[in-house]
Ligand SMILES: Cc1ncc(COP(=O)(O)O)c(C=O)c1O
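Just the one chain here, laid out as structure tokens, in the form predicted alone.
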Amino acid sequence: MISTFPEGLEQLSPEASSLYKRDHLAIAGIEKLRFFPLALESARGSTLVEAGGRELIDLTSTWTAAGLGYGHPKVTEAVTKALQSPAGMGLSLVNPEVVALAEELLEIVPGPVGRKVYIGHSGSDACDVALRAVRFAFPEKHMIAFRHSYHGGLGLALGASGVHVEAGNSSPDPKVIFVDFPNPYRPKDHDPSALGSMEHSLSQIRLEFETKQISCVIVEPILDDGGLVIPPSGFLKELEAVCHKNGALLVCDEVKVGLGRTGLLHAFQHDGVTPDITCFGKSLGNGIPISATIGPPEILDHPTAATLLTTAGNPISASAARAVLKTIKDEELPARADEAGKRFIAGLKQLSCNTVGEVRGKGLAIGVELVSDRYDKTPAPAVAAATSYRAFQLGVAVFCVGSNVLEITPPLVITDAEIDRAIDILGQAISDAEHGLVPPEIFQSYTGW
């Protein structure tokens, strides 16, 4: 039985409409997360090119996977060279590219001498391996994760991802305890301050340590998919202290906001912490599948051959990742992200839109929270969905997270001119959504989260 096509395809070019219809008929819905009917034929830098030739400014970098932008020449050069004469294709064969990548990661990630590196395909398996290795080492102990968190779409990482558990996509792991992530915009209890929000979260964590044996706490430095929530300064430092006081490991998920995006090479550096285990993915390969987990050998060396992904550690993906790390350093992209983020946030704060409750961010990880009432901060998910769709119509790709937050995570190479143009378009899109100019039946065809 052929399902009905989504709304709005008649507004696309014939080429884009045809491609989107083919996708609808051929690609399984279980892997779809769509906010608008964008069907691409190519991309370059921070520009997406729709089938038919229309161009859009990309504020997603495909969930930050294209951190260096599309078609970066240094990554292209590295992958092309590796493809011409690859030293094998992964599992059970040692190659110089993956060994060099592991060594380079150990150099740039703070931590003690003697750590080891797992190389995988995506942030999902990087986090899953971290959690499974910890569980193997401490099978009777519990783990702590955060509500609305996202650590991956498979294995133990799936069951430790609040987003998936809350959506009913996964049963919660019986030994994973979920606690509140500190949200300064929406503080808990009776303390309206940012520090009150942090203390609320830490008190929950301390209580779990008092009543249960805990092996680790897994945390995102910014709760990205849960609403681009930035915790108060010092939260990770306090969390690290609680973990180490109780003999637990701090697992830091840098998959989405690491490698320069927040204005520093690692997002955890803003709080001056040194995670026991750190996970990378997405922008590590700039769209080429690769991930990494760094941690102590007593955790990551066992059990032998417990994670068997045949093409993990292949020299092509490793070459791409090495080119990414070199480019981030050579082009000083963390500093550029800091500068560009300040420009973006300043422009967004000047928008005269009634539903903008808060603009927040670090570097080029920026959230615009849309609310129906600024006083009671009632989330406005319909306005957010309509804004995302309207921005697509006007020439900007932007996703929604946490139901009512516009997630702005463009490639780190976005230009000032593109930022200024994107701000203008976002302002128009929010205004049009506020005034009901986007029919609900159109954007409701694209369910997002």
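Position 1 is the first residue in the sequence shown; the rest follow in order. It should be emphasised that the depicted structure is a prediction, and the values quoted were computed from it without experimental measurement.
Not pictured, yet referred to below: the form predicted together with the ligand.
- prompt: Among G152, G363, G295, P231, which has any heavy atom within 4.5 Å of the ligand in the predicted complex?
  reply: By the 4.5 Å criterion, the partner-contacting residue is G152.
Pick from A130, A321, A160, V255: which has a non-hydrogen atom within 4.5 Å of the ligand in the predicted complex? Result of the distance check: V255.
_Counting any heavy atom within 4.5 Å as contact, can you tell me which stretch out of 367 to 375, 117 to 125, 138 to 146, 307 to 315 lines the ligand in the predicted complex?_
Selected stretch: 117 to 125.
ask   = Looking at the partner-bound form in the predicted complex, is E220 within 4.5 Å of the ligand by any heavy atom?
value = Yes - in the predicted complex, heavy atoms of E220 and the ligand come within 4.5 Å of each other.
- prompt: Going by a heavy atom distance of 4.5 Å, is H266 a contact of the ligand in the predicted complex?
  reply: Output for H266 is no: heavy atoms all beyond 4.5 Å of the ligand.
Can you tell me whether D225 touches the ligand? I mean in the predicted complex, with a 4.5 angstroms heavy atom cut-off. Contact check for D225: yes, within 4.5 Å of the ligand in the predicted complex.
Exercise. Which residues, if any, of 53 to 77 lie within 4.5 Å of the ligand in the predicted complex when only heavy atoms count?
Worked result: Nothing in this stretch is in contact.
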